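Single chain ahead, by itself, as structure tokens, in the form predicted on its own.
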Amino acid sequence: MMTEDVILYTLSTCPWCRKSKAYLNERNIPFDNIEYDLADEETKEMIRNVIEESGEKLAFPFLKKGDQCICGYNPKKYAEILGR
């Protein structure tokens, strides 16, 4: 079974983004974090495309695992797709 990477797109000043990172860290879930507001323009465009393709509006935190996405801090949905 192939493991899907967890990617968390956040804003550096967002308290809900910090809660999302804490949720993942407390459960020892490995993830890549990209801070939208600190990214270069090319990365920002990539993030906008990822979020647009998911059908969501540009909002943070935005968690992606495979083709599953969660917009906003939502521990219940995190548990559903992350299994913890």
Partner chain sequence: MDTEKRKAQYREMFGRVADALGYKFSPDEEIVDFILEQEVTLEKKHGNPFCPCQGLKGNREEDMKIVCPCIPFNREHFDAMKRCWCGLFVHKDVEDPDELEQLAYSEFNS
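Numbering follows the first chain given and starts at 1. Because the structure is a prediction, the values reported are computed rather than measured.
Not on display, but discussed next: the form predicted together with the partner chain.
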Exercise for the section: Could you confirm whether Glu52 comes within 4.5 Å of the partner chain in the predicted complex, counting heavy atoms only? Expected result: yes
Problem - Close approach of Leu24 to the partner chain in the predicted complex, 4.5 Å, heavy atom - result: no
Exercise for the section: Please check if Gly72 has a heavy atom lying within 4.5 Å of any heavy atom of the partner chain in the predicted complex. Expected result: yes
Problem - Distance check, Glu56 to the partner chain in the predicted complex, heavy atom within 4.5 Å - result: yes
